[in-house]
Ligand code: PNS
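Let's start with one chain on its own, the form predicted on its own, as structure tokens.
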């Protein structure tokens, strides 16, 4: 049986920390689906189609990775995709409380769906999409923190120079 992991998030935008988690997930799972969530509580910088496009461009060349968007309950999506696990990145202790609550709720909704927590590589442990957007909005360089297609998209949105 193929072990499929779902790596969910809003990915607005995807960072090199996210990419690190996806790549390392491929060491454990046969297939990873990057599931871009439609979150009605957030006002994203990039619309859902643009986020999916940027992620596909950023993960180009990686085998056994799919990128899709989804709405609704994550556990329903995981079940639909025949996933065995949800992969979540933990940057710091501050992430743990929220992520634990989500994992426990997902387990309550479907006891067969496991959540796997992964730490990003040290070089990405401080990264967040929010931080990336803030840096870019003030004209700061995000080079090396996000994939090239994301850097270009941020340049366009914020009218940044190379």
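Positions refer to the first chain, counted from 1. Here the structure is a predicted model, which means the values were calculated and not measured.
Just so you know, the form predicted together with the named molecule exists too; it's not on screen, but the next bit is about it.
- Only one of 23-31, 118-126, 133-141, 65-73 lies within 4.5 Å of the named molecule in the predicted bound form by heavy atoms, and it is 65-73.
- For the marked spot (17, 59 and 145), a heavy atom within 4.5 Å of the named molecule in the predicted bound form is absent from each of the three residues.
- Proximity to the named molecule in the predicted bound form, taken as a non-hydrogen atom within 4.5 angstroms, holds for one residue of 52, 45, 37, 113, which is 37.
- Proximity of residue 96 to the named molecule in the predicted bound form: non-hydrogen atoms within 4.5 Å are absent; the residue sits far from the partner.
- Not displayed here, the named molecule is approached by residue 9 to within 4.5 Å at the level of heavy atoms in the predicted bound form.
- The named molecule is not shown here, but in the predicted bound form it comes within 4.5 Å of a heavy atom of residue 88.
- Shown without its partner, the chain has 102, 105, 106 in segment 100-118 as residues with a non-hydrogen atom within 4.5 angstroms of the named molecule in the predicted bound form.
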